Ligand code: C5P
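What follows is one chain in structure tokens, specifically the form predicted alone.
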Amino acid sequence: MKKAKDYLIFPLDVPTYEEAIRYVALLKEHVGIFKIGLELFVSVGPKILNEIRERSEAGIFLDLKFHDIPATVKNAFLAASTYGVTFTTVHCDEGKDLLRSVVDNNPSGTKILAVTVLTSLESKNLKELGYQDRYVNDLTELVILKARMAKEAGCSGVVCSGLEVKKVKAELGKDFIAVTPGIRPEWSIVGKDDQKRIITPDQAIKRGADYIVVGRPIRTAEKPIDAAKRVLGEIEMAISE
């Protein structure tokens, strides 16, 4: 059975090697997976992955959200797969054929997660982008469409908000991994947050999330370890219930 920390992904959304390593040292006993996104990877490069491995037993999520023409995405993923990370991400927007080409060229066994709809987007954004009214009015339907496409292509799971995770699990099965960003404990919610479709750790776990991504509530806390422990407490309560 997974422990509370196994559910917790902490994003190293910082611009320097020194800051990233400081958070790894602080949180390595409280986090199951460290996530490296575009900011840190572009700033520091692949060496940060080896440093995390040497300094902790946590998994690594290389979250570069590949999105380009199929040949470029396939080759970029092949390069990323050599790092031996646990997860990496590919956008769904190019369709099933691109996803399948990545899945079929995965020599390392890295788990491929398809990005459905970013948690910074809401209905008005989809309308501006020209989506059909059926998806503007029911964003969950769009997430399910993309999640189904990802599963048919052979992806291990998806990234989706906690508002959609229950339906994703119900429609696509408990073994289809759901990683949920946009997590905000009630004690951390503030105005003007760029994450629109947010949910608490307790709610996300109860709805079926396999992993939750918690960044700013921990990173910006006066005492990040204490904040991480509070999140773990919420996860433990959700598991026990």
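Numbering starts at 1 and runs along the sequence shown. These figures come from a predicted structure and were not determined experimentally.
Absent from the display: the form predicted together with the named molecule. The rest refers to it.
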For this session: Identify whether the named molecule in the predicted complex is within 4.5 Å of every residue in the set Ile112, Lys151 and Ile177, based on non-hydrogen atoms.
Result: no
For this session: Counting non-hydrogen atoms within 4.5 angstroms of the named molecule in the predicted complex, say which of Val165, Cys92, Cys155, Val159 makes the cut.
Result: Val159
Seminar exercise, completed: Exactly one of Ile205, Ala58, Val214, Ile199 comes within 4.5 Å of the named molecule in the predicted complex through a heavy atom, and that residue is Val214
Exercise. Does at least one non-hydrogen atom of Thr119 fall within 4.5 angstroms of the named molecule in the predicted complex?
Worked result: yes
Exercise. Even though the named molecule is not shown here, does Lys28 get within 4.5 Å of it in the predicted complex, heavy atoms only?
Worked result: no
For this session: Answer with yes or no whether Lys65 is in contact with the named molecule in the predicted complex, where contact means some heavy atom within 4.5 Å.
Result: yes
Problem set entry | in the predicted complex, Pro11 touching the named molecule (heavy atom, 4.5 Å) | yes
